[in-house]
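Single chain ahead, by itself, as structure tokens, in the form predicted on its own.
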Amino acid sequence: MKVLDEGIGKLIQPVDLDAFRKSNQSKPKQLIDKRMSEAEAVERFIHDGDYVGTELYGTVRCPMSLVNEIVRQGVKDLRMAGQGVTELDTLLAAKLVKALDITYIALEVYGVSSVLRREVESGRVETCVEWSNGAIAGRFKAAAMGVPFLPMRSMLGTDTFKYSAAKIVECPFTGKPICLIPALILDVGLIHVHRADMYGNAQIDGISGFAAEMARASKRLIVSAEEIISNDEIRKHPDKTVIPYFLVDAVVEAPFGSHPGEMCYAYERDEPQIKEWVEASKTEDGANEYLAKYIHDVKDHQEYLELIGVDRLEQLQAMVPGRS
């Protein structure tokens, strides 16, 4: 194919499909109990310099109990797929991110992320490559399919394309320009779900985002779940099992694991808590004080929930329409 144009962005994560295939083949296929704590999962499966991805956008189903543990353990020089809000803001504030394939990191109705601006302008984030939301999800899909790239129209004619690592080629079938996006293979994927069994079969209620694609694009996959249920219960609704067990390396039981984000049909997002972060994160000192209070000064996710308080968590559950 004739290359017509290409973005000036760096390809942060090399496309090595053969190595990815070998990694997948080496995973055990037996039904193994994969339950462990956040601390064990992060220590075993996330290393300095890894390329890590989180799934879904905004504050929806964000894997906060896992991200908080990454901050606690100080896993550094991470390369990230920038799609979320709270979780990526937290990692950036902890100065653990070195490079970003970024689509969107802002605080929605509260405006642009002060943390992102500080980290990029300071040079601590050394590389920032732009993609559309559709393009980054498409990159996961390419990796899941085992192909080095996928064609799509997203980003054509935009500066997002200019600052990406995509290419525009002449389509061999139509002769028209088409954008090619490279596969994105994660060293580690982090996905928070509604329920899972101890083997890793994971189910999601409501919007499934790009969990299926990202799970299949990850060399190592950590799933946190609002609850761990029996395999018999999982089998009653096989259509809800978005992530099969053989993709998963660790299963973490994390009730309110998305807090201060929300879980469809389970609990609403904690607006006062998010506002507290928005105000605190406007300065580096404020962000550090917030991280100390809610992450470093608590031992684990359970102590974090105790700090937030049972009353507030129950209020968030009560805000869900139709929940008894």
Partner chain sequence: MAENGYNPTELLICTASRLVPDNTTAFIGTGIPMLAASLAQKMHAPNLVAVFEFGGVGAILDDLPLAVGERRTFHKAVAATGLADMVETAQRGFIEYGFLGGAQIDPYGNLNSTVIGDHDHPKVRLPGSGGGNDVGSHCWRTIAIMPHDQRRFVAKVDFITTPGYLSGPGAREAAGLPVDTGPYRVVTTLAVLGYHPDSKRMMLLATQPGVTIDDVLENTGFELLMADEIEEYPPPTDEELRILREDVDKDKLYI
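Predicted model only: the values in this text are computed from it and were never measured. Positions refer to the first chain, counted from 1.
Form predicted together with the partner chain: not shown, discussed below.
The candidate site formed by Gln13, Val75 and Val248 is entirely out of contact with the partner chain in the model of the complex, as no residue has a non-hydrogen atom within 4.5 angstroms of it. From the list 239 to 247, 113 to 121, 87 to 95, 185 to 193, the contact stretch for the partner chain in the model of the complex under a 4.5 Å heavy atom rule is 113 to 121. Taking the partner from the other structure, the partner chain in the model of the complex has a heavy atom within 4.5 Å of a heavy atom of Gln83. A residue is said to contact a partner when one of its heavy atoms sits within 4.5 Å of a partner heavy atom; Tyr104 meets this definition for the partner chain in the model of the complex.
For the chain shown alone, Tyr57 is a contact residue for the partner chain in the model of the complex, at least one non-hydrogen atom being within 4.5 angstroms. For the chain shown alone, Cys264 is a contact residue for the partner chain in the model of the complex, at least one non-hydrogen atom being within 4.5 angstroms. Only one of Ile229, Leu156, Cys171, Leu180 lies close to the partner chain in the model of the complex, with a heavy atom inside 4.5 Å, and it is Leu156. Heavy atoms closer than or equal to 4.5 Å to the partner chain in the model of the complex belong, across 106 to 141, to the residues Ala106, Glu108, Val109, Val112, Leu116, Arg117, Val120, Glu121, Cys128, Glu130, Trp131, Ser132, Asn133, Gly134, Ala135, Ala137, Lys141, ordered by sequence position.
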